[in-house]
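Only one chain comes next, encoded as structure tokens, the form predicted on its own.
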């Protein structure tokens, strides 16, 4: 890390002819368990990871916002004004959206020179967009001493993604990268924003993130489709059950009422949601009791449900989890995120990581035709300043 920090500072000096005043870091995130239940009244269990986005930044006196990023060739130099609009699909829309929000709220923001760098794979479902949004909001808050609470940083970052960027995401990503803590999982109610930090000490195991390297082309359309299917299933169940969300219904009650759903597909969707919600509660208990093997089994069960009942996996993700199930030194694996590509996660024995990477790469390559990318991550802290 010190070597990287030095190189980021050196690049900043090369571009802006001065030393940065500060360096900040915001992580990416994975969801450990609890997939596709946040919009059904359930709880999710994300954690911040050690990969993320860095920002070297310094104030300037020219009333300019100068955006550079070591990951993308596009740069921008914008004069300070009262508000901004989204500019095509350029990466700098994410920090620009945050700056726009602060300006429209009347905060005293002045010119900045900004250099971003991320070691998160773009488009892999590890939430690089939330990472850069929260990073920018946190940096503005610190640089201009605005005293914006962390919870507002998460909420305003989601608002920017929804309204400025135009992506209809929930709060989980921004919340996780804001409130993450080392070796902790977050048990989060996305509606109330009530949360609990749970111990996630992996001991002899490490969290591996396996990127399928397949673009998640169907994720948005299928998300909307599953949302509608859950609504239809709930409507059928409400003929006899008093429930505001599918996750208000426990498994036993569902089994006695599932006959109310006349469509087999809707029945499968509801079963995933209700059983996944139950798994989240079991997983929370397993972590509290240091039962990592049980937690790993719940990860496997979650993936199977996402594959068979919710049908949001795919051959790429299934191939990775299939390998992990047979790999002796893995105790749990599942897809993470919306599905149809993106990443899987796995708990791998510390001293077998290199062997795992070699074997899963060969196995996946033979079956899919190209290699995955494998990253090893610690469970890390949320957004913070990094010492120069």
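In this text the structure is predicted, and so the values were computed from the model without any measurement. Numbering follows the first chain given and starts at 1.
Quick note: we don't show the form predicted in complex with ligand GLA, though the next part is all about it.
*Asks:* Of 139, 156, 172, 286, which residue is found within 4.5 angstroms of ligand GLA in the model of the complex when only non-hydrogen atoms are counted?
*Replies:* Residue within 4.5 Å of the partner: 172.
*Asks:* Which listed residue (205, 91, 223, 164) meets the criterion of a heavy atom within 4.5 Å of ligand GLA in the model of the complex?
*Replies:* For this set of options, the contacting one is 223.
*Asks:* Considering only heavy atoms, tell me if residue 337 and ligand GLA come within 4.5 Å of each other in the model of the complex.
*Replies:* So residue 337 counts as contacting ligand GLA.
*Asks:* Considering only heavy atoms, tell me if residue 34 and ligand GLA come within 4.5 Å of each other in the model of the complex.
*Replies:* Residue 34: yes, in contact with ligand GLA in the model of the complex.
*Asks:* Does the 4.5 Å heavy atom contact test between residue 363 and ligand GLA in the model of the complex come out positive?
*Replies:* Flag for residue 363 set to no.
*Asks:* Taking heavy atoms and a 4.5 Å cut-off, does residue 329 contact ligand GLA in the model of the complex?
*Replies:* Contact check for residue 329: no, nothing within 4.5 Å of ligand GLA in the model of the complex.
*Asks:* Just to confirm the contact call: exactly one of 207-215, 172-180, 191-199, 104-112 touches ligand GLA in the model of the complex at a 4.5 Å heavy atom cutoff, so which is it?
*Replies:* So the stretch in question is 172-180.
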